[in-house]
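Below you'll find only one chain, the form predicted alone, shown as structure tokens.
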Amino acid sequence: MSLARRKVVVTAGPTREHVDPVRYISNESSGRMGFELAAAAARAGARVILIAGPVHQATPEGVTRVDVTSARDMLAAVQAAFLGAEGRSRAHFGRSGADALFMAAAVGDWRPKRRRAGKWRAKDGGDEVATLELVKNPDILATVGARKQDRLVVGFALETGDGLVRARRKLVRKGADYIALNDPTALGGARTSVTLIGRDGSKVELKNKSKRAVAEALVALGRG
């Protein structure tokens, strides 16, 4: 399908999980890949909703931006934008959902079991070691992938070492059409190398490309 006049959802950046009012767990994602994807989709004629974690990036021209903080915030926003009203299938709500999702955000896997109302003063007890109990965050890609029907879903996997096997498993487990596999050098950089793995068994390598070039290649999947 062509993305022209289609509704496309893109996620970008990190999530933050607060320990207390001044501390949080996060990661090094700059959001640049997701913002380039949103810009590329807009240039292709799509109506783009960009769901962004806490980043310092200018909103691309022609893109509607929704700012979120935590993984649960992002899940709610993606469900509303991609699946439609109350996160349900477009089959029940006409065309209230979107036609494609590019899940480029680096969503945190874990969050503190309890967010403290005041500053955590563990050091005041004199202990040299403190324990922070974590619980698993919702899996956004798997949640929406299970309900995508015939819509395009592209996920991302950041792996160390040889992550190809894990990326292929993720592709199937999360119901995506493609997984873009990269490594930690992509975090914050202007260039990246991506292995694009398709549910149809395809594998395309994009080596040392600008993130804009990678974004253009990914958006071209919508014309397949």
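Everything quoted here is computed from the prediction, not taken from an experiment. Numbering starts at 1 and runs along the sequence shown.
The next section is about a form of this same protein that is not shown, the form predicted together with a small molecule.
Interface residue remark: residue 139 is counted as part of the site for the small molecule in the model of the complex, having a heavy atom within 4.5 Å. Looking at residue 46, you'd find every heavy atom of it more than 4.5 angstroms from the small molecule in the model of the complex. Among heavy atoms of residue 68, none comes within 4.5 Å of the small molecule in the model of the complex.
Contact check for residue 168: every heavy atom lies farther than 4.5 Å from the small molecule in the model of the complex. Note that among 27 to 35, 192 to 200, 55 to 63, 169 to 177, the stretch whose heavy atoms approach the small molecule to within 4.5 Å in the model of the complex is 169 to 177.
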